[in-house]
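One chain comes next, on its own, written out as structure tokens in the form predicted alone.
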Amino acid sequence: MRGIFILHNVEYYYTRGSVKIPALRGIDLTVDHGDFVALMGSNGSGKTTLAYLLNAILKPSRGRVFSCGCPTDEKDKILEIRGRVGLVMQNPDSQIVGPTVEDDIAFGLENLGVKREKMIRIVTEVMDRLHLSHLAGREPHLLSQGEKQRLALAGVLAMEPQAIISDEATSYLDPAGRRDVLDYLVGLNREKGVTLIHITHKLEEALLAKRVLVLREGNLIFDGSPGKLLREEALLRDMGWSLPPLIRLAKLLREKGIPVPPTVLSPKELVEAICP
């Protein structure tokens, strides 16, 4: 099977009494192994529902979802899917289960029967990378919201999944913490080929991806490169998204006659365009 995630005509309905409320409508989608996808949309557009379908937390009301080659509607495949597809939820309290930071990160590894020596190495590396080492013995309920978010991410990373779905995992972090976590996720994607689906409201974060998906009222209304999205001015206006400062600067330079390509998305690319 070509893609790591494949959706065939997927619909999902929430039921409120006798009323069916559509969350996703007729989604056909393939995400390739090693891809980096940003998933955007307003609140209630279906982003989290889609994440839960990919991780087999939810089953489609109609159509089929395949994650890592496994159909998510087959019960005997669910544990395999969740071992391969890590999900960092919006609310970190939903997935923190250990009595201490160190124990929580090790929880999934213990369930997989990972040998203690290897487990200690993995947990130590992950804590160090996410700046949690000084909190190793701390009880999770005593952590700040940002620390809890890093802990939830650490528990997923320790499992070394084939794919990570980050559901606004940077939302509780300060700017420095957000950059650090994003750098780490991007590094996993580029250096180790981990497939990354990053759900975000921030256009500047979406520009780091190779591909952007936009949902509106359960419909997939855009699927393309970050550069293509920036050229969709009507869509950006309708969604209420402002251009990041770097992109606004590049646009102003073009209006002043300086030949800055519309494909420029990073400070390095902008410098190279101005000073070749």
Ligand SMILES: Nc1ncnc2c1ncn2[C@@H]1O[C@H](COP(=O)(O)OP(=O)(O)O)[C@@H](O)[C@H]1O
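A residue's number is simply how far along the shown sequence it sits, counting from 1. Bear in mind that the values here come from a model prediction, so they are computed numbers and not experimental data.
Omitted here: the form predicted in complex with this ligand. The next part is about that form.
Taking Gly26, Gly44, Gly34, Pro244 one by one, only a single residue has any non-hydrogen atom within 4.5 Å of this ligand in the predicted complex, and it is Gly44. Contact annotation: Arg16 falls within 4.5 Å of this ligand in the predicted complex, judged by heavy atom distances. In the predicted complex, this ligand sits beyond 4.5 Å of every heavy atom of Leu252. Taking non-hydrogen atoms only, Ile21 approaches this ligand to within 4.5 angstroms in the predicted complex. Contact annotation for Asn55: none of its heavy atoms lies within 4.5 Å of this ligand in the predicted complex.
Heavy atoms within 4.5 Å of this ligand in the predicted complex are found in one stretch of 221 to 229, 59 to 67, 235 to 243, 44 to 52, which is 44 to 52.
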